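Take a look at this single chain, the form predicted alone, given in structure tokens.
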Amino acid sequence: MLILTSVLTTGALTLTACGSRDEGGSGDNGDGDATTTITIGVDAPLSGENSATGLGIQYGVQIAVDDANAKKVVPGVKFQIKALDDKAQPATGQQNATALVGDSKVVGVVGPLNSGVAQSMQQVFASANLVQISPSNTNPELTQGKDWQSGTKKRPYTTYFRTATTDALQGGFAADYAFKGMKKKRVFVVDDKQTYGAGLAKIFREQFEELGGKVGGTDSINTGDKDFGALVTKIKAAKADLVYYGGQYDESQLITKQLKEAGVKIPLFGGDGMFSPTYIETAGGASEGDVVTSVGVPVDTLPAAKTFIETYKSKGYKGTYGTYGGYSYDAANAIINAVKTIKEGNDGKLPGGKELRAKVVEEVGKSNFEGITGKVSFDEYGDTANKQLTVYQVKSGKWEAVKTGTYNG
């Protein structure tokens, strides 16, 4: 409660400016206009668990900002990023949100990676009317409210958007592929008790049973666990032909390894939280045949993403661009394009303080452009209009796309 009170107080701060006019006579952009510096905040796990995908988010935004500055997408405006490490912890994410809200240069934020962290940040950003676009959150409640499964959808925060599709589609897409594509009939379902993992596992289980599949058992683990001996014993006794896991790669890469070492030679199937080269590097040969779903189509196959990938590799950036890097690039460009539209519609001048942040929220909601991952636009809940999903399987030590499509229920 103490934290929440502090957050709301900070979020209600009156901002005197968004963006800052560079001083000292060196802010001329070469066009005769002074340069205004605007910040796009980034929040993601940049160290520890989940950091491989978190760093992909940070550098996806960095490339978008560098491109915008090089091309002078918004004349007279220089963009920069402010990246904060949430360590995949909701409390840290909330503190970061408070810090970003209190920085008058910040006009929008890309992130976080984890849905549970997003839940702790949404109200903070909403209180300051600061736009937030996640490239990776998939829990449906974030945009459609807690009663979405009953058909009663209500958008909780108008400042929240995402470029990744939801688990309502990802869970169903995975269940359909497991039952019809892999011909699996009996599954053991595990989750990590987190907002993303538990939610995705629940949707998968319900959809798998609706298709006619059987659930031979369920269990939950804790994030950070290393020894899954007891879980392996339960899975072995359940005589399942597939394990479905809702959670991140940090734990699942150890689960599959310990399963195979115990002689349980069945594939592990998970969501986008498992989709990382780190999963294969850690699990080694035990990961062969394992399966995941992830948002969108494979970024390596998208012609529009070719330059982005070349830049990411040439810069030697850490982390992985393949999971959310492209979606982060597009999210940052939604904010950059909003600033461009606002300036062009205001006689070449940017409004300041609360007015600029409010207008950025409004313009992001109207986004309609071709990004490197496809069309970028949002529905009335702030969800992406891009509903594409892909199934990947570990083949010869690499993730290989085996099916791309959409899920219509």
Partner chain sequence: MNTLPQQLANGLLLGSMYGLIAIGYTMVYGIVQLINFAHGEIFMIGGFGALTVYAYVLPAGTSVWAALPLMLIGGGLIAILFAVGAERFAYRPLRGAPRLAPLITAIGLSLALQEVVRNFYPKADKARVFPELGKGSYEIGSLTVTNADIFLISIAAVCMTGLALFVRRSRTGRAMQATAQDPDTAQLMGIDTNRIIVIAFAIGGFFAAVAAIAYGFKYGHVEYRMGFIMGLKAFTAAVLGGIGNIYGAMLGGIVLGIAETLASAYIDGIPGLQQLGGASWANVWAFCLLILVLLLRPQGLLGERVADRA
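Just so we're clear, the structure is a prediction, and the values are computed from it rather than from any experiment. Positions refer to the first chain, counted from 1.
Another form exists, predicted in complex with the partner chain; not displayed. Remarks below refer to it.
Only one of these stretches, 236 to 244, 132 to 140, 164 to 172, 319 to 327, has heavy atoms within 4.5 Å of the partner chain in the predicted complex; which one is it?
Partner-contacting stretch among the options: 236 to 244.
Sort through Gln149, Ser220, Gln80, Ser104 and report the residue having a heavy atom within 4.5 Å of the partner chain in the predicted complex.
Of the listed residues, the single hit is Ser220.
In the predicted complex, which of the listed residues (Ala128, Ala305, Leu254, Val74) lies with a heavy atom within 4.5 Å of the partner chain?
It is Leu254.
Taking the shortest heavy atom distance, is Ala91 within 4.5 Å of the partner chain in the predicted complex?
Close contact is absent here: in the predicted complex, Ala91 is far from the partner chain, nothing within 4.5 Å, heavy atoms only.
So in the predicted complex, does any heavy atom of Lys153 sit within 4.5 Å of the partner chain?
No, no contact at 4.5 Å.
Residue-level question: is Ala198 within 4.5 Å of the partner chain in the predicted complex, judged on heavy atoms?
No - in the predicted complex, heavy atoms of Ala198 and the partner chain never come within 4.5 Å of each other.
Is Gln123 close enough to the partner chain in the predicted complex to count, meaning some heavy atom within 4.5 Å?
Looking in the predicted complex, residue contacts with the partner chain do not include Gln123, since no heavy atom lies within 4.5 Å.
Would you mind checking 179 to 203 for residues with a heavy atom within 4.5 Å of the partner chain in the predicted complex?
Only a single residue, Lys193, comes within 4.5 Å of the partner.
Knowing the Cα distance between Asn222 and Gln149 changes 3 Å or more in the predicted complex, does it shrink or grow relative to here?
Result: closer.
Do Tyr245 and Ala88 move together or apart in the predicted complex, judged by C-alpha distance changing 3 Å or more?
Residues separate in the predicted complex, at least 3 Å farther apart.
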